[in-house]
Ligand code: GLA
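In the form predicted alone, a lone chain appears below as structure tokens.
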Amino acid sequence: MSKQMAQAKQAYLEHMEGSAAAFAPGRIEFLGNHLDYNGGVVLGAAIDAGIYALANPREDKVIRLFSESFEKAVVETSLNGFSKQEGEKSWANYCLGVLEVMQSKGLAPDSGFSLVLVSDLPVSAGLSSSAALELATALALAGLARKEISRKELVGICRKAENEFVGMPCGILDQASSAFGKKDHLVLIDCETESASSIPMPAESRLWVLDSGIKHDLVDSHYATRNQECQDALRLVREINPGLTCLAKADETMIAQANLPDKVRKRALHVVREQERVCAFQNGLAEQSSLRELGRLLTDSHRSSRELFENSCPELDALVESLVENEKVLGARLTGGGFGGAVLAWTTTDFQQEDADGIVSSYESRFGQVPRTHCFAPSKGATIEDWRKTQG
């Protein structure tokens, strides 16, 4: 190393003294649409793209939040008196919500900080950039505070922040998939017990995501309405089955006996059948069922989302229809909250970019937009990053 390089490295290390860095991946909801807040068992995957956070300590009580994705919407406030942001600065609510929960648990830094966020994760594409933002923030702030938190506690902090500060009534799927991710594995999450394990993804398959270009903002969408409809279904089914702990554990006989309003009945049927599909997929993997047989469960999931849960849209339907016509596609479905966003295609390894380009061309001719395509690999979960190791 030259003298100049050594001096530059030393200056960098001195400048970054006390800093903390973290990475949290985005996630793919593989199977189990809207089961998480209904107490179901779901399948997700952390992906090899996400959000990097670098937290630098300050000597005052000022908080400065900067995201490369929203570089014109810098947020500066106080550690002792911050509030929910609106408009273009609302992205920071995920960070501020995490900070508020960590303060309540004695896990937050005592002094101010600057938080810099860099992402290679597509925004509003159903890959849960919000959960990645929350987890990266939580790990970086815990690093600043010299606190250790378990993965389960990390998930709980971030979910509470999103539920209560942001106002999004989500379950733990997004946060748990990002936290418990493992290379080449799917994450199996029991949302009632809030436990997670991993199962190998067949090596001869791939995960493709096609972003429809239709932006979804779930806080302002029908997400909360769907959540309430499911709670209504659970309440009414419980009148006949008081021991039922969650909607995902109901069955179709219970739903029929409860005589639910039509919309509420459809939501409940989706939840019950979706849970059956997740169990069938898990059992099918264990029994080494054919991938095509398993793939049909994903396509059936999309049809249920379209017809029963009604959280699809024409653009997502068109992508799924085009994908399943390709013999290299095992199954396809909307991924994430729906109402826009992206479609997941579970494919054989023969599916290549030229196949994706053909789907894009068909979509563009119909809707006048060009979907972005991504091939992701199941990857590691959220981690503290030691930036010192990157210095040569």
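The first residue of the shown sequence is 1; numbering continues from there. Just so it is clear, the model here is predicted, and its values are computed rather than measured.
One more form of this protein exists, namely the form predicted together with alpha-D-galactopyranose (GLA); it is left out here, but the text below deals with it.
Checked against alpha-D-galactopyranose (GLA) in the predicted complex, the residues 97, 171, 143, 295 give one hit for a heavy atom within 4.5 Å, which is 171. In the predicted complex, alpha-D-galactopyranose (GLA) stays beyond 4.5 Å of every heavy atom belonging to residue 341. Within 4.5 Å of any heavy atom of alpha-D-galactopyranose (GLA) in the predicted complex lies no heavy atom of residue 331. When contacts are judged by a 4.5 Å heavy atom cut-off, residue 91 does not count as touching alpha-D-galactopyranose (GLA) in the predicted complex. In the predicted complex, alpha-D-galactopyranose (GLA) lies farther than 4.5 Å from every heavy atom of residue 39. Residues placing heavy atoms within 4.5 Å of alpha-D-galactopyranose (GLA) in the predicted complex fall in a single listed stretch, namely 23 to 31, out of 46 to 54, 348 to 356, 23 to 31, 59 to 67.
Although alpha-D-galactopyranose (GLA) is not shown here, in the predicted complex the stretch 319 to 355 places heavy atoms of 336, 337 within 4.5 Å of it, in sequence order.
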